[in-house]
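Here you get one chain, nothing else, as structure tokens; it is the form predicted alone.
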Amino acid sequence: MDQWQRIMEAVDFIKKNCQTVPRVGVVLGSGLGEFAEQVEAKTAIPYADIPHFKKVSVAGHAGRLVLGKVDSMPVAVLQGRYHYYEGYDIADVVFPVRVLAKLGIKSLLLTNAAGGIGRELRPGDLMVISDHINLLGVNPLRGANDERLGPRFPDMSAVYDPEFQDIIASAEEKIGLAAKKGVYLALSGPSYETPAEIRMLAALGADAVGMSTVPEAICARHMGVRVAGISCVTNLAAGISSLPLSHQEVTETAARVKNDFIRLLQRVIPRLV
């Protein structure tokens, strides 16, 4: 079974279990999954039940597809994601986003937990992603291109929609948050970066670093979906902070800012069209 057939089999299964036709897709990163509980009139489908979806193994990722509405906007929320470091093929990592695109989403909001590199960033900040740098060592479009999914050479001049960036920044200011934008850089992980690596990434122009998001953004743009991104800065990167890095710190910081995160998404999602 080829990629197109796997995608359509998953789409058919979801359609049989929920009548919602989503317009906005959302991917919830580490520790940020509680937003899915705010979705109204929701149908929740475990990834394990959806054909060709994989198991989520990382703490803070529930592994459910939640369909419903946010302030009357039909949404499809991925409550957790796969990561390349878990050992999955990159095609599997982006598979859920491709399924959402074929379900009908026009816009995709990607969220993640990230380490702060930019000197103005502090743990708990919600940084609007303005651009990305792919240092995963792999591109999800590598291999034969299926023209039914998108063009062989998709443009990446504005991966993160400028209009969406302004919408998110404006919403942050309205709820009393500092509106900060920056460049997100993706590495394969799962080890955290060394201080020397962080100095290198800063020199490359990165403001935040993580282990996700970029493959999903590339595939969404490949399929003609508009993209927005928010990084929850859960810790300062190695060498900037004198403290050891841990996934516990990531989840604790995400929990601390969850109310601000939920309020922001509730304001933003209905406008991402």
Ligand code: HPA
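Keep in mind the model is a prediction, meaning the values are calculated, not measured. All residue numbers refer to positions in the sequence shown, first residue = 1.
Beyond what is shown, the protein has a form predicted in complex with the ligand; the following relates to that form.
Visitor: Within 4.5 Å, heavy atoms only, one stretch in 220-228, 62-70, 35-43, 207-215 touches the ligand in the model of the complex. Which?
Guide: One stretch meets the cut-off, namely 207-215.
Visitor: Test of understanding: in the model of the complex, would Ala114 fall inside 4.5 Å of the ligand by heavy atoms?
Guide: Judged by the heavy-atom cut-off of 4.5 Å, Ala114 is in contact with the ligand in the model of the complex.
Visitor: Considering non-hydrogen atoms and a 4.5 Å limit, does the ligand approach Glu193 in the model of the complex?
Guide: Glu193: contacts the ligand in the model of the complex.
Visitor: Counting only non-hydrogen atoms and a 4.5 angstroms cut-off, does Val250 reach the ligand in the model of the complex?
Guide: Val250 belongs to the contact set for the ligand.
Visitor: Pull the contact list for 223-238: residues with a heavy atom within 4.5 Å of the ligand in the model of the complex, in sequence order.
Guide: Contacting residues: Thr234, Asn235, Ala237.
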